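Next up is one chain by itself, shown in structure tokens, the form predicted on its own.
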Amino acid sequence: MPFYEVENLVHAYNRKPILKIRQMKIEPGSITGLVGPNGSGKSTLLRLLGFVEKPLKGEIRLDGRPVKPFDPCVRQVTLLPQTPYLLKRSVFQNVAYGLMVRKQRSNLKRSIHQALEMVGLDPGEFGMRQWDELSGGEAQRVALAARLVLRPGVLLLDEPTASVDAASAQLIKEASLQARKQWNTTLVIASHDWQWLREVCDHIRHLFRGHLLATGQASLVFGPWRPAGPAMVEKVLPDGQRLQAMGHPEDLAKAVAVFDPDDFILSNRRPTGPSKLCWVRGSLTQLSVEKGSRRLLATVAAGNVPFAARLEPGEKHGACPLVPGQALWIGYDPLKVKWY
């Protein structure tokens, strides 16, 4: 049974639609990544999944039953916002607060020390520090420790590493994954850190203007687009190249093109002769093994726009092996581009 089930979800602020999701499921113990530009609805979705807010319409089921804010089973769900909020008291008291409210005072000191150690903070050094004596990265880690001490069934992370130093970012990532390993915590992560999400997520979901556009490693290219012939449109990339696709988007200024990673072909030289494929040149920026399979994911930046291509082990791409930094041509069938 899915841990989360979302159906016909609609949410708005001041009558302005923010989210409209027909269906979404999240499996227990899984890691789900939420990606999309600022304002796409990621934070709002996390608040709804955290039952901090009630949706305008629709239903969110947890463990198979509808749940509303303040329902007793919501206690297993915890949300870490992008901007940490700490009580005006010591680090120890901040981390202890949730346990005290729940009257879980058995082994209190030990539990708090373990939570601080999970996020890389020495309890002896940081326990008695006040909330305003912490750096931004330390404050975010204390906020995470205050949630980990509860051993949550669900941990919702809203841009957890966006505004912290590199060391804190790494410790936050490690602590989050440790929660999943130790307690089978279900993680839902909204982040712009594509590399991290590709490494750890079981599922990646793309949000745009409150809608779920695609799942997985799909590449999204946002407008404006312009006509380029009968049933053909194009987008001029920052380097002057033209990215072309077939279709009739209703609003060329706001249309979003979705490219499936299985539809790309890579080559270290542009093929000559007649072809139904369109080609753009770029540079290989990342090469990684896809989580859960032996296939490779190659990220090629063409005109600063990243495209993810899925490759089979041993697949040939011209005379040279793939090396990050090399120039590549990326080909695709313009008829297979999907529109939103």
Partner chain sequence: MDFISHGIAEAFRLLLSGDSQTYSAVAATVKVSSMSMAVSLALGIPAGFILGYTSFPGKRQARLMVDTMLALPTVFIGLLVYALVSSQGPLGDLGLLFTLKGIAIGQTILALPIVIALTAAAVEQMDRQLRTTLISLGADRYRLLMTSLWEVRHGILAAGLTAYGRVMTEVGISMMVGGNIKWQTRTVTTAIALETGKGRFAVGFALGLVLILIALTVNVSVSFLRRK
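Since this is a predicted model, take the numbers as computed values, not measurements. Positions refer to the first chain, counted from 1.
The discussion below concerns the form predicted together with its partner chain, not included here.
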Any non-hydrogen atom of Gly98 within 4.5 angstroms of its partner chain in the model of the complex: yes
Arg281: touches its partner chain in the model of the complex, heavy atom cutoff 4.5 angstroms: no
Residue contact check: Leu79 to its partner chain in the model of the complex, 4.5 Å heavy atom: yes
Arg147: touches its partner chain in the model of the complex, heavy atom cutoff 4.5 angstroms: yes
Partner-contacting position among Asn268, Gln195, Gln178, Thr83 - heavy atom within 4.5 Å of its partner chain in the model of the complex: Thr83
Of Arg226, Arg151, Arg209, Arg75, the one that lies within 4.5 Å of its partner chain in the model of the complex (heavy atoms): Arg75
4.5 Å heavy atom contact with its partner chain in the model of the complex for all of Phe222, His248 and Lys276: no
Residue stretch of 281-289, 303-311, 34-42, 49-57 approaching its partner chain in the model of the complex, non-hydrogen atom distance within 4.5 Å: 49-57
